[in-house]
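Okay, here we've got a single chain as structure tokens, the form predicted alone, with questions on binding and movement later.
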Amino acid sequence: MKTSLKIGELVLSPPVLSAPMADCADWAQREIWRRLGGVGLIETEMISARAFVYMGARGEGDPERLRGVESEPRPLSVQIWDNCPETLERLARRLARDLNVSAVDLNFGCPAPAIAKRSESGSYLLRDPQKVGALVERVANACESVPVTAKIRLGLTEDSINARDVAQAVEGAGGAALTVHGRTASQMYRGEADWGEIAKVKSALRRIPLIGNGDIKTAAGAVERLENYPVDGVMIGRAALERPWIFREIAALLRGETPPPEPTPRERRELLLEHFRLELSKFGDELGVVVARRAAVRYSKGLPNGRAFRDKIGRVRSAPEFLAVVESDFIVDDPTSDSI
């Protein structure tokens, strides 16, 4: 059973990472994962290197997604994106030298049009493995001893799968680990992740670990991927938003233990309220409520009255309103819902 993963000199135990999901893996969400336990490495939301440079030139400080990273517990990986080597280098140097992050992750997988098309970054760069390699090398040199990793997709389309070529470029340029999401860019999030294609990437690597990502929905599913595919670790995305305790379940299974029981509805409500308090402490009441509404939608999945709750919570505008709706509509004592 794989129980640890080494990225450069960074040892992760268990070999499980959180995904750098934009507008989801914010500071409060990361803190919830950290408190529940079981994550080998937590990643931030992806940060635009271009925005970092632009804001710095205007004297505005760091982008919002970067604020607070300096004092956040380690290990912590920060994902960055752009297609300009100089821009990426400037942000990477700040992350490694000034903020002392545990790892810097380069995004070569995002298929969102704003990034892949309009900015010619993210998954757009998969069409040019040499360009990917050049960017990895530039960032790795800037980061010195801090490991640089990369996250990719299988390719742009099913007819142009080139993950093995990109993997070799990443490794040859000094990358310390590679995460592969088992879809192409054109698939977006449709269809199913192809773990068979992820497995093929392993033969292209000689020294760095391969991390698999895509459609892991349960703790048992994560362990099954680790046991049956030649991956050194797994990355969990959307499932960890609706079930943030999935990481501790995976960790228990990897130790050969029985996972802790699912949180009861009452425990889930308390977790939501703690998440809400964290968002308010970070963003203040107005923006904190907006961000917390998204989290509340995720926490309500599977509840008997989840749809009605989501309809109400989506319309609240103040902290008192938020608390009142959670109190009145987030079912706690439904006799048919002892667990979720």
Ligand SMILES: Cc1cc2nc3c(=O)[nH]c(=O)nc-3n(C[C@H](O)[C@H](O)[C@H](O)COP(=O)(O)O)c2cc1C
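Because the structure is predicted, anything quoted here is derived from the model rather than measured. The first residue of the sequence shown is number 1, and the count goes up from there.
Only in words, not in the display: the form predicted together with the ligand, which the text now covers.
Put simply, of L10, V325, M21, I331 only one has a heavy atom within 4.5 Å of the ligand in the model of the complex, and it is M21. This chain is drawn without the ligand; in the model of the complex, the residue among S123, S77, N213, T149 with a heavy atom within 4.5 Å of it is N213. Residues R268, L303 and F309 are none of them found to lie within 4.5 Å of the ligand in the model of the complex, as judged by heavy atom distances.
Residue contact with the ligand in the model of the complex: V39 places no heavy atom within 4.5 Å of it. In the model of the complex, the ligand stays beyond 4.5 Å of every heavy atom belonging to R243. In the model of the complex, the ligand sits beyond 4.5 Å of every heavy atom of Y229. Though the partner is left out of this view, N107 does reach within 4.5 Å of the ligand in the model of the complex, counting heavy atoms only.
Look at 281 to 289, 309 to 317, 41 to 49, 54 to 62: in the model of the complex, residues with non-hydrogen atoms within 4.5 angstroms of the ligand sit in 41 to 49. Shown here without the ligand, the chain has H181, Y189 in 166 to 198 lying with a heavy atom within 4.5 Å of that partner in the model of the complex.
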